[in-house]
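Single chain ahead, written as structure tokens, the form predicted on its own.
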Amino acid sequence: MTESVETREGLDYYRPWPYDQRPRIEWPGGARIALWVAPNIEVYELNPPANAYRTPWPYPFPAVPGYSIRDYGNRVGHMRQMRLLDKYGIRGSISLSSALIDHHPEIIELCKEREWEFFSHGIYNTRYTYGLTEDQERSLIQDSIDSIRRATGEAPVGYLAPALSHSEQTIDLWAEAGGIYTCDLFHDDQPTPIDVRSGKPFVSIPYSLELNDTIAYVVNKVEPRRYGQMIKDAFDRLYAEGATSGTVMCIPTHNYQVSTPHRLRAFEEALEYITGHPDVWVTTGREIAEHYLANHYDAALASIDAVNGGPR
């Protein structure tokens, strides 16, 4: 066991739990799989405050190419993606940079009209958690909660750290602020109970980095048609396994990636394929977390304790 786990530096959030030794998960209506689409709707700054741990732009100021393509996403790409999700009856679960509330209030209103979920992705995607004290990070989290509540009438219950820049305390702080789920752990294809220092019921909801369009297109250099096939292949596997116990499929998107003209068709074909199957619960991150906490959380804890020889 590593020193970080022994000292519980915010990293020991879950215990071993074999995939084939778990209580059956049953989704509403007998669905095999819970599908949620998580559009990351973000705001970037052309000249953000400096962070000693990470440089937002990999080229000299002014970083016009990187900034402007992200601006394109909020000006143009969002509308394309929203129309597409409308077509297939999918309510987005927005990973929201809360600064968008001031920069693009029209997007907030369009999403509210559709009853999309808003969960927190920090304030700006160019302001990181790295190097913050616990009090500073707590303030950042509370600012995003307050902003989303004022703009939408409902506090967010899910969190994805800005630019995935989580700290060792991020998940604990989010739970203490009233959250019920995190997207910052990428360890499973089903929801899993998470041990937070407050001891409250809290869950990780699968959020796929493998199907994240930015990871696919920018990091792994995948072609659009291959990305669409990856989504279908992932669905086929999770749908088959869901016949035994319910699974979760998340498709994280960015409106400046998947919504560009040459990429949108592949994404649409994948959504058409998935929604053409029966026994698919098309839902949101909040609804998955609430259902799991209400119906499966206690049995999951008992199973984890049994596998590990008792509670912590």
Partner chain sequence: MAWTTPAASGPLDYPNRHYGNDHDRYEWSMLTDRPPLTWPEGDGLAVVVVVPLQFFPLNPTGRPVKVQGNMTMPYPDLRHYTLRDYGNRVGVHRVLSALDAASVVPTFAVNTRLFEREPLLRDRIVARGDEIMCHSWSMDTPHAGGLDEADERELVQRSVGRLRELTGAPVRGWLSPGKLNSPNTPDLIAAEGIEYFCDWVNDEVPYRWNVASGELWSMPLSTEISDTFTLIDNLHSEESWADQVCDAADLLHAEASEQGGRVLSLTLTPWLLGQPHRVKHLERVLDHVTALPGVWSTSASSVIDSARAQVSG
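Numbering follows the first chain given and starts at 1. Source: prediction; values computed, not measured.
This next part talks about the form predicted in complex with the partner chain, which is not shown.
Comment: 216-224 is the region of 216-224, 88-96, 183-191, 170-178 lying near the partner chain in the model of the complex, near meaning a non-hydrogen atom within 4.5 Å. Proximity of residue 166 to the partner chain in the model of the complex falls outside the 4.5 Å heavy atom cutoff. Contact check for residue 287: every heavy atom lies farther than 4.5 Å from the partner chain in the model of the complex. The closest non-hydrogen atom of residue 52 lies beyond 4.5 Å of the partner chain in the model of the complex. Although the partner is absent here, residue 27 sits far enough away that none of its heavy atoms falls within 4.5 Å of the partner chain in the model of the complex. A heavy atom within 4.5 Å of the partner chain in the model of the complex is found for one listed residue only; from 197, 112, 232, 103, this is 103. The candidate site formed by 61, 143 and 147 is fully in contact with the partner chain in the model of the complex, as each residue has a non-hydrogen atom within 4.5 angstroms of it. With contact defined as any non-hydrogen atom lying within 4.5 angstroms of the partner chain in the model of the complex, the contacting residues in 49-77 are 49, 59, 60, 61, 62, 64, 65, 67, 68, 69, 71, 72, 74, 75, 76, given in sequence order.
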